[in-house]
Each structure stands twice: as C-alpha cells, then as structure tokens.
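First comes one chain, alone, set out as structure tokens in the form predicted alone.
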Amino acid sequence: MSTETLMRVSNLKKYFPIRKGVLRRVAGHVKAVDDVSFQIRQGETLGMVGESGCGKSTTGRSIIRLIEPTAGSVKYRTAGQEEEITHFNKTQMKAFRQRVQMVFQDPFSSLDPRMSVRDTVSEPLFVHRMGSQKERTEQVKELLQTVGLSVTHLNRFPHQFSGGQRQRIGIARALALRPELIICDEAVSALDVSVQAQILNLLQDLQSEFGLTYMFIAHDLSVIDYISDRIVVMYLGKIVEVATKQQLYDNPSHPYTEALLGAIPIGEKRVGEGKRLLLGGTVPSPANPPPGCTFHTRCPYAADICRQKEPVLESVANSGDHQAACHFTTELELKSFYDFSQVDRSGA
C-alpha cells in the first residue's frame, strides 16, 4: 500500500433544506455531512463506519458528485497533480467517472430489470465509446469470468440471479472502465453472511489483481475489520475517530468507538470481563444537532466542556495515523472487548 494520497477531502458539507408552508420556504437544514475531512491513499481500503443516518453514504456520494456537496473541497490526484473535482464541468466529470466507480448497497435495485447482463456491464463502455460492439461483448465475457460468473449468463436478467450473483454483476459493471478507486456503499449488508464472505474475498482478490483503491462504507465492525487498512468513524455527520485497523480495535480513543466495539456480538472475537458500554437515548436530529460535542447527549463520560465546546479532531499519543475528536482522549481508558490478535484473517 502506498502512502501517496489519491483523494483529499477537506471541510466537506452536505446540507439538505427543510421546506415548510405553502410557499415551501427553507426553514432549516438537515446537516447530513458537517465539515468532514479525510484522505484516501493509493492502494488502500479506507473503511467508514457508524450507525445508520450518520452520513456515511452521503459522504461517499458527495465526494464523487452523485449528489452535489454544499461546501468543501475534494481533490483527486491525476498525473501527479491534485485537481479540484467540485469545479469540474460535465466533460471533465465524464472523464473522471472512468477513474472512480461505485458499488451500491442493494444489488437488485441498482440493476435495471429490463437490461440483460450483457447490456448492464457493457453500458459504461458504450457511454464512453470504448471499442466496437464485438469488442465490448468480449470484454463483458472477461469481466464476468473475473467476478466468478459464467459467459452463459450474458443474456439473463437480474431477477434470474441470487443476491450474491447480482452484486457480482454490479462489481463487474464497476470494473468495466478499469477505475482506480471504487466506493463500496454497504456492498455486503444486504447479503447472507456466507455470501458476504465470498464477496469480501472477491473484492480483495480484485484489489490485488488490478491495484484498486477502495472506500468501504459499512455499519458492521467485523466486516470493516476484515477488509480495511484504515478506518473512519462517523457520528451525526462528523468524524469522531480516524485510525489504522489495529489502532482502532486495540486502543479506541473515542467513547462512541468503544460503544460500537462493545456492540459486536459475543463470540470468538470478543474478549474481556468488563461491562460493555451501552448507549442510552437516541441519536439527535441532524436538523438540530446539540451544541459542543454532538455525542455528549449519549456519552457516559460527558462533562460541562463537552456541552459547550466542540472537540477538534487531533492526533492521539503523537500518532498522525490515529486521531480522535474528544476532550478527554488522554484521560479516558477505553476498552476494546475485541481480541485483534486472535482473529483469523485467512478467510472472512
């Protein structure tokens, strides 16, 4: 894995307007993503984790402009230089789409039920005018074999496949343009556990074969543990912790991360006799987030400063790779409940 930055996201915001009344005037905003900054390095898998509604998927879609960000900077390295993609016009964005693709959560709704596998996987090639029809068909056959499907599936339709097979079709479509970066938005959450393992192993094999970089969005920490190199933890539209995989699971530095680790089902990966941190209350509304630290309404360690001042995402123990947004990072002794050394990573 390279240390060179492929994508640099700075102060990203995505606010959705709340309209009320007959005239549909803007009465407020849902702050789905609120001042988020992170980097994706060449060849790595950056995991992004958090509860439903924390802004993970909105972040993933905003950085490639499937939805337009409200503010912020997204720079992508092209030919050794960083380019600001939020300023791209339609022609530039079309060229950018060849380098960055997405695999969606629902493997059925993300495929057009009226299009055959041949048409679905070859559509990106047709849109970008790559090759003749015969050449595109040959490339589709090659892609199907690459993701573990057969050329006999060419003329079948999505309803004729299982969930895992449909997701393989989605992955083949994402690979068609030979991208550098693939954003996987909850790519395995709709699949059975056994099928999840197959898809995760496939993604890792493809990463090795094609030199891919992944941003992997999920809410399952065991999935994130298996596939990620670095992990971003989000809560209510903000990043609360960034760390390498081992740093996060061995030494969580934010109470929310501790709670997520404590929620992993009891099994061979769970260790320790201590009491798990169970969060009370509900996630505040992103339309009216609490002042100070957004997590203070549910945090058992919260003090007055947490209710008044928003913590800054800063390095933990002088480690640039490990950052947390908590006023008491150096004072709290948080528990992992997760035996990183005993986890078998030879299979999912």
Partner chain sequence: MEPTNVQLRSDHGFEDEATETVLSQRTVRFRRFRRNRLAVAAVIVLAVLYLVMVAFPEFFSNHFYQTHHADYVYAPPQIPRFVDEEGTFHLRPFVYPITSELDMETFNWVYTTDTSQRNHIYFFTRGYSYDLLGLFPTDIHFFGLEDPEQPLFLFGTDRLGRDVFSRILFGGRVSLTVGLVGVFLTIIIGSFMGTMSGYFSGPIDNAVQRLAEVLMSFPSIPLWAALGAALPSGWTPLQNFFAISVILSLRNWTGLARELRGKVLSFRESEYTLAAKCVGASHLHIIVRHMIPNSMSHIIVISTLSIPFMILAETSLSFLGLGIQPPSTSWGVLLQAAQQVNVVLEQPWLLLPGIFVVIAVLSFNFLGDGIRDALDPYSS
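Since the structure is predicted, the reported quantities are computational estimates derived from the model, not experimental observations. Positions refer to the first chain, counted from 1.
Unshown form predicted together with its partner chain; subsequent notes refer to it.
* Asked: in the predicted complex, do Ser110, Met115 and Leu177 all reach within 4.5 Å of its partner chain through at least one heavy atom apiece?
  -> So, yes: the whole triplet contacts its partner chain.
* Interface stretch in the predicted complex with its partner chain - options 56 to 64, 32 to 40, 301 to 309, 286 to 294, non-hydrogen atom within 4.5 Å -> After filtering at 4.5 Å, what remains is 56 to 64.
* Heavy atom of Glu142 within 4.5 Å of its partner chain in the predicted complex -> Looking in the predicted complex, residue contacts with its partner chain include Glu142, since a heavy atom lies within 4.5 Å.
* Do Asp106 and its partner chain share at least one heavy atom pair within 4.5 Å in the predicted complex? -> Yes, Asp106 sits close enough to its partner chain in the predicted complex that at least one of its heavy atoms falls within 4.5 Å.
* **its partner chain contact in the predicted complex: Gln81, any heavy atom under 4.5 Å** => No, no contact at 4.5 Å.
* Asked: Is Ser162 close enough to touch its partner chain in the predicted complex, meaning at least one heavy atom pair within 4.5 Å?
  -> Residue-level check for Ser162: yes, a contact with its partner chain.
* Of Gln198, Thr137, Asn251, Ser73, which one comes within 4.5 Å of its partner chain in the predicted complex, counting heavy atoms only? -> Filtering the options by heavy-atom distance leaves Gln198.
* Within 86 to 107, the residues that have a heavy atom no more than 4.5 Å from its partner chain in the predicted complex -> Result: Lys94, Arg97, Val100, Gln101, Met102, Phe104, Gln105, Asp106.
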